[in-house]
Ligand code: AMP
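In the block that follows, a single chain appears as structure tokens, in the form predicted on its own.
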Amino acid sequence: MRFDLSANCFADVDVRADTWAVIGADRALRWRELEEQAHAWASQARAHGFAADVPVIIRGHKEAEFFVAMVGALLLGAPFVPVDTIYPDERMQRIASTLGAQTYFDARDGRFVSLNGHGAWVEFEAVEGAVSSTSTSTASAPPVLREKNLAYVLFTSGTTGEPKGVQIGRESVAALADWMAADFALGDAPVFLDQAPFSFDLSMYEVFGTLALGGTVVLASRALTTQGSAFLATLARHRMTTWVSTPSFAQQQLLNPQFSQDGLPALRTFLFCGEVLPVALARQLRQRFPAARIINTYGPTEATVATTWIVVDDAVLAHHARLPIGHAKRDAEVFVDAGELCIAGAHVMRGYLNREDLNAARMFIHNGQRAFRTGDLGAIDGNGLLFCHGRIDDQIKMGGYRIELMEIDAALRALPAAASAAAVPLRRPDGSVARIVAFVATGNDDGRLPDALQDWKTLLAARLPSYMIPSELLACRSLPVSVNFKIDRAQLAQDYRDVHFKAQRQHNA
């Protein structure tokens, strides 16, 4: 059984209908149950005024009900707007204001809730495909969107911190699923790890991969992922085949010896996106999981999760000190314009919601297709391989030199005993960069650099010009990550300031 993303309906309903579809934090659903409850959810949403092209906010965290609601929205033709509860209430209020929404669906207890606290809400549960309600009142739904036939609207934060609504069409998610089926070799009915917040587009790999391929998704809550061995045991019990995460999340798991082929015997694919994949991490994974493929993908939210890919095997690792992001996905084009990576194809978003200024600046037509300026620095080598050199806004200027932080990161990660590392610019009150420091994760709590790193400046000098070498190298057990499990440079800068402020106070006392 599967979900046809082109026709927006369940298909092959008599094939493996009793296999697991969703393993949630709250309960598990078989495919037949998912179909029944998704239709029931759509009926209930319709009673609240939701309809085709009317966006519906879904809030929660890894509940099976969250997945039911997303599928129900697809059946209804209503774009879903996922908002994870790990984000503050203020974020949802801003999103609701942008949409003109007064009601959202709370996946934690399966009810529609009025945002102002005065509207009617309905609490329901699916019972043999029917819905029982505690109210028959209809809350006000948001207005119909100008863009039609959207699958979802996902809000990302820009440099101002104001959420931007990325509008992804149904044709784009169908193309995503077709690409995964054609090129990723995930096997029959893959079992996906889903740990990224639904507000982070990385999780859409698992959502649409599960639906289109008739697989199973294991929704790993934030609480579960912090339980180490219990987390990995859960994945082993459900015979997880496809690991989807940022590289930083996988890096954290290496601290646990059970994160291995023996511990996860069914795992056959690592699917990465969201940040750079370090060579050192890929090598460690090749050692721990010799039978697994590593697929490195790249793409902004505006490109329906990803737009390039490469299988990172031993040959790729042998030839590259810094991994490429590969080649453009099928039916897409990726090119470099004035040093900036640009993408074109049906997978490109339909534009930012109510942001014609941004649409005019970032979107254009290329060879008759929608195209988008990513804001990422990039290059193409003589073999046609694409490389991403970081964000344009991560390119800093210090001492008159333009410096790419990712280039320093790559050199740091090539140091012995430095699998995970990051360069951090320290800024003056006027915003200019005073100097660069670096952090390296050692896996230890003593704060000491390993003996192999005592001569780190000399080692870096073999790879970097003098003006790019950090002034200090600090050891930490692991690098802090954001809620999306990306390395958090801002937090590292604050940690550095806190430590040195405390030391200064002790010195003055």
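Just so it is clear, the structure is predicted and the values come from calculations on it, not from any experiment. Throughout, we count residues from 1 along the sequence that is shown.
One more form of this protein, predicted together with adenosine monophosphate, exists but is not displayed; see below.
Interface residue among N296, Q251, T241, T216 relative to adenosine monophosphate in the model of the complex, by the heavy atom within 4.5 Å criterion: N296. Site annotation in the model of the complex: the residue of D106, E147, E171, E275 reaching within 4.5 Å of adenosine monophosphate with a heavy atom is E275. The stretch in contact with adenosine monophosphate in the model of the complex, judged by heavy atoms within 4.5 Å, is 267-275, chosen from 219-227, 267-275, 282-290, 363-371. Taking the partner from elsewhere, no residue among D194, A236 and Q261 has a non-hydrogen atom within 4.5 angstroms of adenosine monophosphate in the model of the complex. Contact check for R391: a heavy atom falls within 4.5 Å of adenosine monophosphate in the model of the complex.
Using a 4.5 Å cutoff between non-hydrogen atoms, D409 does not count as a contact of adenosine monophosphate in the model of the complex. In the model of the complex, at least one heavy atom of F200 sits within 4.5 Å of adenosine monophosphate. Proximity of H319 to adenosine monophosphate in the model of the complex: non-hydrogen atoms within 4.5 Å are absent; the residue sits far from the partner. Scanning 319-355 for heavy atoms within 4.5 Å of adenosine monophosphate in the model of the complex gives just one residue, I325. In comparison with the shown form, the Cα-Cα distance of D394 and L323 increases by at least 3 angstroms in the model of the complex. The gap between the Cα atoms of D381 and Y467 is larger in the model of the complex, by no less than 3 Å, than in this form.
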